[in-house]
Ligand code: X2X
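Shown here is one chain on its own, the form predicted alone, set out as C-alpha cells.
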Amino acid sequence: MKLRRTLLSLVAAAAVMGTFAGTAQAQQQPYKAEYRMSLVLNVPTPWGQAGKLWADMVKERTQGRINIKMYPGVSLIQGDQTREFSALRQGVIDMAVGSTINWSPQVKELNLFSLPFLMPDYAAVDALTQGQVGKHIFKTLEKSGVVPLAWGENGYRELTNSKRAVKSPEDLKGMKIRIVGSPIFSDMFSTLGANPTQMSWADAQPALTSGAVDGQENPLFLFNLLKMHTVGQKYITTWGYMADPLVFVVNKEIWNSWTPADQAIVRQAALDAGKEEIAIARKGLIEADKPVIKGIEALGVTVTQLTPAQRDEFVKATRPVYNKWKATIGADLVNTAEAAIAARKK
C-alpha cells in the first residue's frame, strides 16, 4: 500500500513538472534570425547613429543572438512617419528609435516636448528626459503597448527661409513654412502669422527649390547634410523653440520573447547608445564658438541668433498655443515639467 502511494505521488509530480515545462516552452519563443528596427534618418545623422550604435552593441554583447537590421526612411511603413508608433504596437516593426513629434498623434503626452519655448537650453531638455517627467512618459508608453528603454536626441529645430532674416513674429507673416504632421506645429505657425504647409521631406525639397514654399524648420545638422543653402535657404534663425527627444523602444511581444539576461543587455545597450548619440547631436552647438553655426555662415548664409528680448516676443506671441496644448497634454504633467526646468542646474 505504501509503495502504491509512493508511485502515485511520483506520477502526480511528473504530471505537474510536465505542465510547468509545457508552459515554459509555450512562453519561450525562438529568437528571430533578424529584428527590424525602424528609423526616419540613416547614418551619418545623429539619429541614424543612434540606431547603428544600439544595433552594434546588442549584436556584440549578445554574441550574435540578437541581430538587428536598420530600416531608415521608415521604409517598413512606406515612409509614413506618423504611422510608425501604431506599426510598432502591431508588430509590423520590432523596435525603433523614434521621434516624440512623430508619435505624438498617438500618445498625447509626447506633445509636451513640442510646447513652444518650454525648453530654453539643453539643461532643460535633460531635466525632463532624465527626471520624473521622463519616467512618467515611459510609463505612459508602456501602457500604450511598447517597452521604452532610453532617450536620444534629434535636437533643437531651427527656422530657415529664403525671404529675410526673422527677428520678430512680424517677420514671419505670410511666409509659407513646411511643417511636420503634428497639429501643434500648425497651431504655432498659424498664430505667428505664417502659412504652415504639412508635407514630407521628399516633397519639401522641390517645393523649396521652386519657391512654392519659403522655409522649413529642422535641426541644424540637416542643413549641412542636405545642403539647404542650395535650395534657397539663405536665412536661419536659431530660436530654439522646441527640441525633439528620441526614444529607444521595443515591441512588447518581442521583448517578452527574450530571456531576462538578454533584456538587460538590450536595455543597457540602449542607455549607452543614447548617451553617446546625445553627445553627437550636440557637438558643435554647445561649445562657446559654436563651430556648426560658423560653418553655415561660411556658406554665405545669414544666421540670426535671437537676443533674450527678441525671444520673449516669440514666447508671448505663442502663449495662446502653449495654454491650449497644456490642457490637451495634461496640466499636471506640464506643471511638473515647468518645475523641473525651473530647478535645473545650468
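One rule holds for the numbers: they count along the sequence shown, beginning at 1. A quick note: this is a predicted structure, and the numbers were derived from the prediction, not measured.
The same protein also exists as the form predicted together with the ligand; that form is not shown, yet it is the one meant from here on.
- At a distance of at most 4.5 angstroms from the ligand in the predicted bound form, none of the three residues 115, 129 and 334 contributes a non-hydrogen atom.
- Of the residues 160, 251, 154, 104, just one reaches the ligand in the predicted bound form with a heavy atom at 4.5 Å or closer; this is 154.
- Only one of 296, 58, 41, 281 lies close to the ligand in the predicted bound form, with a heavy atom inside 4.5 Å, and it is 41.
- Looking at 140 to 148, 225 to 233, 190 to 198, 174 to 182, the stretch with residues near the ligand in the predicted bound form, meaning non-hydrogen atoms within 4.5 angstroms, turns out to be 174 to 182.
- Within 4.5 Å of any heavy atom of the ligand in the predicted bound form lies no heavy atom of residue 314.
- Within this chain, residue 111 is remote from the site of the ligand in the predicted bound form, having no heavy atom within 4.5 Å.
- Interface membership of residue 244, defined by any non-hydrogen atom within 4.5 Å of the ligand in the predicted bound form, is confirmed.
- Although the partner is absent from this view, residue 99 contacts the ligand in the predicted bound form, with a non-hydrogen atom inside 4.5 angstroms.
- In this stretch, 70 to 86, the one residue having a heavy atom within 4.5 Å of the ligand in the predicted bound form is 81; the partner itself is omitted from this view.
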